[in-house]
Structures are given as structure tokens and as C-alpha cells.
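The same protein chain appears twice below, in two forms, each given on its own as C-alpha cells and labelled structure 1 and structure 2.
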Structure 1
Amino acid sequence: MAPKLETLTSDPAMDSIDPILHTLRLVPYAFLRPPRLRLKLPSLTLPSPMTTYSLALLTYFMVVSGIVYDVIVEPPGIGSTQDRATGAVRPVVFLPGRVNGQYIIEGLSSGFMFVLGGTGIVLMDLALDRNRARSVKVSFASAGVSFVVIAYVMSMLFIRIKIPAYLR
């Protein structure tokens, strides 16, 4: 079954069976030729591995820092509490007692510790490369172990500040 003429054309002037109108529409364009354009398609190059790694690390930092929480809830950057003995106001970085809440600086510092630990694991992996010099491998391994230990100790300290009776 052949399609109907109405479905093939959307221009109402083309539906006319008048030969003069048809000639007026086709004759001016019969001797014109489209130009030969030598357009090059844009070629997209892949980003370098270091760029990809940097973007992945930045995304990881943003996610574990709680940027989404900070945008939705809009907590203060840092808190304050009044000292009972002196009455002076002291700054507080960690929101005590609330596991589901955070100040902005608390999230950023925790996220930095997680990224530091992840970078330490990457450095330890780079230390296993056989094509590197021994001194470079030792440097990567020692820096990687140091980063992981610092990140773990600081993260545990952050948790103990946030939840005073945690693991005691």
C-alpha cells in the first residue's frame, strides 16, 4: 500500500497541481548548484589519563565531602559554642552528637582525609612498577603508607570528636 500524498509533503504549495506554480518553484533553482564545501568534521581527542584521574579524584572529593548536603541544607561554615568557665565564644569545627549533620569545614576536612588515603593507595600501587628505579619505588611506598596511616588516624580522630563514646 503506497503512502498518501498528504503524508509525504508538509508544504501546502507543493500539493497544488498547477504546472505554472510548479515551474516557478523549480526553474530558478535548476541552474544553481550547491557549492562544494570542504568542511572538516571536528575530531574529539580523548583526555589524557592524568586529566581523567584528576576529574575522578575531584568528583570523589566532592561526593565524600557532602557538597550535595551543603547545597541543600546550607549549614554554616563553622559553628561556635560558649565556654562554661570563661563565657568566651569558641569556634567549633565538628558538629557534635549529630551523625547526619555537618558544618562545611567538617565535610571538607573529612573529604580531604579520604582523598589522602586514596592517593596513598595509588602511590603504593605505583611503587609496585618494575620499570621504576628502586629509590623512586621506596619513595612512593613510604609516601603511600604515610598517607594511608595519616588518613586513618585523622579520620578516627574526627569520628571520636563527633561521637565521643565511639569504640570505647
Structure 2
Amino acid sequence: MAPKLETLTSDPAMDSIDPILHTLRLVPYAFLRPPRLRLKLPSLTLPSPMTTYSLALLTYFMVVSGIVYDVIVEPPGIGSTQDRATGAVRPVVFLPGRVNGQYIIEGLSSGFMFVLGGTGIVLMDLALDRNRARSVKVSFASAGVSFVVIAYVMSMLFIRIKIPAYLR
């Protein structure tokens, strides 16, 4: 018992054979006393899958809206034409004539429609989850279906405005 108690009370550094440890014990730390801090290194935890998914969805929205096109080509936010008769300046939302060209706002609204459609399908899947209240499930399902319908109809409308010869 006695030898164990001794080892418990004595400094574990005495058992070390590390020369640097002994030097450090002598030179600064014989007279310096390190303060007692309550610092903790911030621990890095991985984000949950759904957090990552929402980040991915945001990135997808930006890419599909043509943000790289916007940064490089720098088109105006919205185009404008001059009305021949009255001379008034009318805004033009969709860049006509080319498939690979856009104004900023038309890109963002189309990107929003795509993400809306995707979210609709996700909501439909969430509606089938058994652990939710019935009213929540009904509202998820109806919202999901309406999102998908709206997104598809609007996207078709956009592409028909942009490319008049679509599907003809």
C-alpha cells in the first residue's frame, strides 16, 4: 500500500526519461507558474446530412441560375427595348434569339422554379413519413403536388417565351 500511495502523490514527470521535459522543468517552469485556464479547443463536428443537403441545394440554385454566366459576361439585370410608336422604354425579361444567353433576373427566376420542383418532390416524400400528425402530412402532400405542378408549368412557359420555335 505504502509504495502505491507514494507513487500517487509524487510527480509523474519524475519517471520520465525525456531530457527536454526535464530541461523545461528547470529553466522556465522552475519559477514561472502557468495560469489555470479554462480554455477548450473548439471541437469540429461534421454537419448533419440534412444541413449538407440544404447547402447543396443552395449551390445548385446558384449554378443552375447561370451565376457563372452572370459573373463573366455581365449581362444587365433586365433588358430593354424602345417602343417604335411611343418612344417609351419597355423592359424585356427574356433575352431573345439565343439559347445560351440570359439576363440576370430571368436566370434567377428559372433557377427558382427548378428548385421549387425539386422541393415539391421532397415534400411529397416527407408526407409519407409515419411519425407526423395527419394534418401536417396532408399539407405537405398538397404543397408538394402544387409545387411540382407550378414549377413544371412555369418552366414550360419560360422556355416557350424564350425559344418561340419550341416544340413546333
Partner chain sequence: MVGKVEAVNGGVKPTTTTPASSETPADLAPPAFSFRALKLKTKQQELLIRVTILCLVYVLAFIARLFSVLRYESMIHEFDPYFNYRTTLYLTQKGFYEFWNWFDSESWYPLGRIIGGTLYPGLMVTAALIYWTLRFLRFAVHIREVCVLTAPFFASNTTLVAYFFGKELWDSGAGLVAAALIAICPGYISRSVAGSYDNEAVAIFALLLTFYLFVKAVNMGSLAWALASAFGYFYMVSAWGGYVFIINLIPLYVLVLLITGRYSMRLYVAYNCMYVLGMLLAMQIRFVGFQHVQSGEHMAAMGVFFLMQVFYFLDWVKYLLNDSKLFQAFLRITVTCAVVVGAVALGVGTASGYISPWTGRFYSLLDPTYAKDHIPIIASVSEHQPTAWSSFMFDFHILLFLFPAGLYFCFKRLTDATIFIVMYGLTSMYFAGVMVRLILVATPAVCLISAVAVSATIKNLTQLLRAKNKAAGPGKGATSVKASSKASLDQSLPFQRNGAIALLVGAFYLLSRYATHCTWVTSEAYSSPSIVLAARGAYGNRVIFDDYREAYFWLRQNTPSDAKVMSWWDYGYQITAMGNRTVIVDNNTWNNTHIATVGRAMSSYEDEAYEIMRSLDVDYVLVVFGGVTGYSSDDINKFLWMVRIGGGVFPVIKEPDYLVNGEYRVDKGAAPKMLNCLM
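Structure 1 provides the reference sequence; residues are numbered from 1 along it. On a predicted model such as this, the values are computed, not experimentally measured, just so you know. In this text, rigid core is short for the largest set of C-alphas that superpose within 1.5 Å between two forms.
Asker: Choose between structure 1 and structure 2: indicate the form predicted on its own.
Answerer: Structure 1 is the one predicted on its own.
Asker: Checking residue 83 here: with the core superposed, does its CA move 2 Å or more between the two structures?
Answerer: Comparing forms between the two structures, the residue 83 CA shifts at least 2 Å.
Asker: Does the distance between the two CA positions of residue 100 reach 2 Å or more between the two structures, the core being superposed?
Answerer: Residue 100 C-alpha, core-superposed: shift of less than 2 Å.
Asker: With a threshold of 2 Å on the C-alpha, tell me if residue 41 counts as moved between the two structures once the core is superposed.
Answerer: Residue 41: C-alpha displaced by 2 Å or more between the two structures.
Asker: By how many angstrom is the Cα of residue 51 displaced between the two structures when the rigid core is overlaid?
Answerer: That residue's C-alpha is offset by 2.9 Å.
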